[in-house]
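Encoded as structure tokens, the following chain is the form predicted alone, with no partner shown.
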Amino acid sequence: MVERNCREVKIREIRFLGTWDEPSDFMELVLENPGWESYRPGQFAMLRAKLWGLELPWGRPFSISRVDAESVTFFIQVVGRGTSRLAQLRANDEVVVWGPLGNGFSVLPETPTLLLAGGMGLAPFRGYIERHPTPKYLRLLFAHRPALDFYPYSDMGQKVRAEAIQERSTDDLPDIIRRIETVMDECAGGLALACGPTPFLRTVQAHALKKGIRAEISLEKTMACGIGACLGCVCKNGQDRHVQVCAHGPVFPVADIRI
């Protein structure tokens, strides 16, 4: 299965987000579509540039941001050696990609669905919004630190009801938490989906369990293989058993995982 889903594709475009007068570490990497007809928003892929040679032997995991007939887009923040090297690539350079991996978010066409994104957790919701059969039922709440221009938020906000809140300092955190909880209460009869850093997900999980809100969360974990073999992304599920996030997730019902 892994071999079948592993492809060598060319880069179509790399574009950095932000304003012209401020350097950006946020980019969209656009690849040729490897033939992912069965992609589901919330899944991820492993990427490894062919030019890396043996210097960086492992691939890097990224949420799939969007897929169309010709391309696959990843929203990436440059934070380490792997992402720095990806940012140096150019159009027509080749990348080895294996995926789509893991499971995706639930789609309930006529159910009010709240999308809760924290920082880079915005990435999978772009494709979710584009592919949802009835986007009028969607609502997006986005919590972020860097300026909004660094994220693909504006395109998403034109398609669904959307709200962005910025954390400028730790003093903003209580207000952000209260806003998350308030919006979740307003959508309590529907479905809540969350992706973001661990503290963000813990807030969502705790409130969902407290109020009995149906919710799913996508975990961020360090991955080396992406298929459950290396055991680098293990965490405990609701039955106190170890599971690999890459193979059993990255999306879990809130009651089925410990974070």
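What you see is a predicted model, and the numbers here were worked out from it, not measured in a lab. Counting begins at 1, following the sequence as shown.
There is another form of this protein, the form predicted together with a small molecule, and it is not shown here; the text below is about that form.
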- Candidate spot 63, 75 and 83, all three touching the small molecule in the predicted bound form (heavy atom, 4.5 Å): yes
- Sort through 117-125, 88-96, 104-112, 169-177 and report the only stretch with a non-hydrogen atom within 4.5 Å of the small molecule in the predicted bound form. 117-125
- Note which of 30, 219, 49, 67 lies within 4.5 Å of the small molecule in the predicted bound form, where distance is taken over heavy atoms; exactly one does. 219
